[in-house]
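Quick heads-up: it's one chain on its own, the form predicted alone, in structure tokens.
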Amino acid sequence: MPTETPPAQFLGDPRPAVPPPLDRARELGIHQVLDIEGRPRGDLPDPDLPPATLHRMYRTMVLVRAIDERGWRLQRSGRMEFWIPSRGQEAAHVGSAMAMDADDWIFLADREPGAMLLRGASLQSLFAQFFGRAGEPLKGRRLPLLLGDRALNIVPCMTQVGAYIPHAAGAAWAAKLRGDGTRFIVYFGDGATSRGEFHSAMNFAGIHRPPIIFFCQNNGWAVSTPTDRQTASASFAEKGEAYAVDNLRVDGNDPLAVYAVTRQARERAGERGASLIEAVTYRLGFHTSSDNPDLYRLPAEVAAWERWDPIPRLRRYLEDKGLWSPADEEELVAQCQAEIEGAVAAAEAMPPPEPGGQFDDVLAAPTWRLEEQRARLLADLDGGG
């Protein structure tokens, strides 16, 4: 009797592992404060932040990691529809968001939940957005992690990669025309630099010099496209040269270096205008919950980047300064878990948005077409359609 042939499995064709550029940071012009051991031996001076600021930075990074782990489990268990992990990229957005003033505007990408926390968003509000509940600031209408809140001066991104970058540049130009001191930062990934919107915004910024920081989180992969297939340039930062925009590279896993260069860019924005910062970091997890990175990258590459994990680096720095202890760590982890559990329970109990509500807020006053579409949708739902 012939044996049955097992079905073919697509295992992908991962590229050879590429060492982290941070291993050659000085050679590649990547600015650092901390070395791999978390000691201030980089080319940038220690910004010498106050203990309270350092504690806030570290606590926010740890909380972001804990949120990410909980959100991933919720999605995998079917209680949440989608997830965008941020593991490994906590320092890039926390350090830069902390360098901005409270009244500055932030245009988010999709891996910056710490920016919301730093601006005062509650955990319950974040998880209400993750679950798509009606009571959150965006009324449950967006994918999880496409966060935002006008009350916090935070603009959410859109699913079209990089499409919002010109809007951020335009908003910054408006502030310049008004003559106020508001500054702007816009986050995007390395993949967005291949979009026309990025280049349009950079060209505009070079001409009009709006007070904005273009913050590129180069995490090595635009979904499954590696850096060497994304650009032939030696760096993403140097793309600013073509548009006369100040630019630099920074260790995106070093929160102190990220803070320092972002703060400097903010302070000179009134005189110099825009800056382009390339934060060299790495996505340790999946691109999204719909992804399988084992199909395009090897575990050895991820393991090499684990050595540059930003959270242990900052913890060792704090310990060396006598600002952190194992007891502090244990207390913080327990506190994060308890707060997250409470937020999950409260948010999950909230009602979802009504289907007809998706036609609200499209225009200041609904048109007859919107009302007709709403009526058709509700009639179809009532009829089981």
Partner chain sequence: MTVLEALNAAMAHEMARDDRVVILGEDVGTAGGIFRVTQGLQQRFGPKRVIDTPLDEKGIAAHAVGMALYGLKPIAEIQFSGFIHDAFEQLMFGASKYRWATGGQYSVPMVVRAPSFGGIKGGFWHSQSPEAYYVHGGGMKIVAPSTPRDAYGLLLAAIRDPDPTLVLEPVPLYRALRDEVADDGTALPIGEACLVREGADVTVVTYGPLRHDVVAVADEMAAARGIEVEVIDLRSLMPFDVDGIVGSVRRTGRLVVVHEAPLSLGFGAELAATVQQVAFGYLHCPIERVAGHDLPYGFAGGDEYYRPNRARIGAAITRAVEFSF
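Residue numbers count along the first chain shown, from 1. All values reported here derive from a predicted model rather than from experimental measurement. For clarity, a rigid core is taken as the largest C-alpha set superposing within 1.5 Å between two forms.
Although not depicted, the form predicted in complex with the partner chain is the subject of the following passage.
Q. Heavy atom to heavy atom, is residue 17 within 4.5 Å of the partner chain in the predicted complex?
A. Residue-level check for residue 17: no, no contact with the partner chain.
Q) Quick one: does residue 161 come within 4.5 Å of the partner chain in the predicted complex, counting heavy atoms only? A) Yes, residue 161 is a contact residue.
Q: Flag residue 229 as yes or no: does it have a non-hydrogen atom within 4.5 angstroms of any non-hydrogen atom of the partner chain in the predicted complex?
A: Result yes; residue 229 sits at the interface with the partner chain in the predicted complex.
Q.
Even though the partner isn't displayed, in the predicted complex is residue 184 close enough to the partner chain, meaning a heavy atom within 4.5 Å?
A. Close contact exists here: in the predicted complex, residue 184 approaches the partner chain to within 4.5 Å, heavy atoms only.
Q.
Please tell me which of 122, 203, 289, 264 lies within 4.5 Å of the partner chain in the predicted complex, judged by heavy atoms.
A. Selected option: 203.
Q) If you check 29, 342, 355, 51 against the partner chain in the predicted complex, which one has a heavy atom within 4.5 Å? A) Among 29, 342, 355, 51, a heavy atom within 4.5 Å of the partner chain in the predicted complex occurs only for 355.
Q) Going by heavy atoms within 4.5 Å, which of 219-227, 88-96, 247-255, 301-309 lines up against the partner chain in the predicted complex? A) Single hit among the candidates: 219-227.
**Q.** in the predicted complex, residues of 336-371 near the partner chain [heavy atom within 4.5 Å]
**A.** Residues within 4.5 Å: 353, 355, 358, 359, 360, 361, 362, 363, 364, 367, 368, 369, 370.
Q) Is residue 18 one of the residues whose C-alpha moves 2 Å or more between the shown form and the other one after the core fit? A) The answer is no; the displacement is under 2 Å.
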